[in-house]
Ligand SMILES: Nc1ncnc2c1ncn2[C@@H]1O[C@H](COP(=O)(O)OP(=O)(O)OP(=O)(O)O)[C@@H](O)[C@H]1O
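Heads up, the chain below is alone and in the form predicted alone; it's given as structure tokens.
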Amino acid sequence: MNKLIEMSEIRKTYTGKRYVLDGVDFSLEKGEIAAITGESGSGKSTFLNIVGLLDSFTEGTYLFDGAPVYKNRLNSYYKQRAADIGFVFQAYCLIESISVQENILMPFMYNDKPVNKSLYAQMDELLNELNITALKDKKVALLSGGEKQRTAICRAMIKKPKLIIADEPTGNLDEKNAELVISAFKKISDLGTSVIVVTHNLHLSFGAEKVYALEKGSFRLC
């Protein structure tokens, strides 16, 4: 089986009246990159939260790596989120009082992978790819928005998850650093990690094999 994500007829309502997502069908191959666009309020964040096992859906079916995701068992997926999914949020979700290095290694507090020389070497390689090596020991509170974004991307990538979910990952970056991020996503997808990117910048394709527009609660393939 090559599909990582299979979603069919996904619906989500918070009020019982209006559906934020209304019949979403979505699939993603292992190692594939998909880009999603849509106006503010179209349901992009809701969709990302459901894919990332952070929010439940109201109706439909969802398979993650061949296994069913049950809409009423969200709390049981915390280990899977920690091991299999890397998140890049617009708000960064970094701990500002500790260093870049400590933030990047934070996911390993929640899984069984050891922090060893190999992991430090992997981190140094990512830091170099994203042009933030010099910031490794700097506290996050002292970073610019773009530096925080690249730190968050490095944190998501280092555990080599099955899926990376990135919400506007180049929104605070200049063109040069945006290209570094795109290159890093392409590289990790070549190694088998799937990537979902939400972007308003459609001229930055992120190497996506599929581009979707979220409109009126469902996807249109662009």
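Predicted, not measured: the structure shown is a model, and the values here were computed from it. For every residue, the number given is its place in the sequence shown, counted from 1.
The form predicted together with the ligand exists for this protein as well; it is not shown, and the discussion that follows is about that form.
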| item | value |
| --- | --- |
| 4.5 angstroms heavy atom contact with the ligand in the predicted bound form for Gly41 | yes |
| Exercise: Ala213 in contact with the ligand in the predicted bound form, heavy atom 4.5 Å | no |
| Close approach of Thr133 to the ligand in the predicted bound form, 4.5 Å, heavy atom | no |
| Distance check, Glu168 to the ligand in the predicted bound form, heavy atom within 4.5 Å | yes |
| Contact segment among 176-184, 43-51, 22-30, 156-164, judged by heavy atoms lying within 4.5 Å of the ligand in the predicted bound form | 43-51 |
| Lys3, Asn75 and Tyr78 all contacting the ligand in the predicted bound form, non-hydrogen atom within 4.5 Å | no |
| Contact assignment for the ligand in the predicted bound form, among Asn128, Ser144, Ser118, Gln90, heavy atom within 4.5 Å | Gln90 |
